[in-house]
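Before any questions on binding or motion, here is one chain by itself as structure tokens, the form predicted alone.
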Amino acid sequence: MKFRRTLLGLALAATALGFTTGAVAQAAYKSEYKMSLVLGPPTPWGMAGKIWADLVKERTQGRINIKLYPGVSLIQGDQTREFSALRQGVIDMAVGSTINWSPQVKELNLFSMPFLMPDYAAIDALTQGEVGKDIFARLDKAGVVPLAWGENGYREVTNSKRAIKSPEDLKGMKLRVVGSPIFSDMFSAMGANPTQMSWADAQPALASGAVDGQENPLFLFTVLKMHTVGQKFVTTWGYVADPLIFVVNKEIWASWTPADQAIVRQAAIDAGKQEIALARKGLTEADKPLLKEIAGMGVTVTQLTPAEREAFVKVTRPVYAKWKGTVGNDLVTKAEKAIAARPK
């Protein structure tokens, strides 16, 4: 409210002095805007923020300057508070995770439905189609301005014990999972012992053997050198993917001129396209060079056959059915139809 009163005061003063509306808005611009990120460069997620910030600064000729705050440092590293902080104005803008924001916006759990998206074309069918528009409308209603999609990637499972080729291989295995209830439900259904903890706590737990494994996009395996904390086995199963979303706080958005809003939106779209290509690099090529790089670290990489993957699909169907109602039956059905109709 204080921010709005300040803008109103500036507008009244400027009107009295005969300034234009554009000059009023520009006078109200902050010298620096705070962008929240979980990961910084050189990860694809971090690069999403950097590319967006650089494009905005260049295209607005320095009117909008953005500083990156990786590690969700604006909220003491608590990823689960990021969306609330965005609505409250603690954070001006963010490139955020559908998983991290799903406790506040239940529809975002769509992307964590087990084995919903079998390939990258399926992800695109959702984010770039009517489902994506529906989710953006829901985010707008929840109090932020969504602009574009990015991607954190498919989450693959790693561990220190054995190659995972069937649900039986997960029996009793202690795995670190993110703090979203659907992940605990999935891994419990597969017979594992899921443990929710922050990544800061997970790394020493993996190194000591207190936790056997974890699940994350594969670019993190190489960036964080996970083979040095006992992760000797990788299974690519593509059970869920985590799209990223470029958003701006509503009051900040309203403080910009329509021309600058258009610039920020297009910069987000352009940055998202570049970031998605970075996130998929090494995994979409025929020889999957990222998997070769990981194998070169002395790690056993297992790629499931369709039949092996189907065993995991079958055992997690009760979880899928349970969460379909939570996410929204109509939205999930629309997603299923969009994926079935995707180009293959």
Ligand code: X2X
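Residue numbers here begin at 1 and follow the sequence given. All values derive from a computational prediction rather than experimental measurement.
Omitted here: the form predicted in complex with the named molecule. The next part is about that form.
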In this chain shown alone, the residue from 159, 127, 112, 152 with a heavy atom within 4.5 Å of the named molecule in the predicted bound form is 152
Tell me, out of 66, 290, 38, 319, which residue has a non-hydrogen atom within 4.5 angstroms of the named molecule in the predicted bound form.
38
With a 4.5 Å heavy atom cut-off, would you call residue 253 a contact of the named molecule in the predicted bound form?
no
Examine residue 102 and determine whether its closest non-hydrogen atom to the named molecule in the predicted bound form is within 4.5 angstroms.
no
Answer with yes or no whether residue 79 is in contact with the named molecule in the predicted bound form, where contact means some heavy atom within 4.5 Å.
yes
Is residue 216 one of the residues lying within 4.5 Å of the named molecule in the predicted bound form, judged by heavy atom distances?
yes
Counting only non-hydrogen atoms, choose the one of 170-178, 184-192, 132-140, 112-120 that falls within 4.5 Å of the named molecule in the predicted bound form.
170-178
Where, within 242-258, is there a heavy atom within 4.5 Å of the named molecule in the predicted bound form? Residue list please.
242
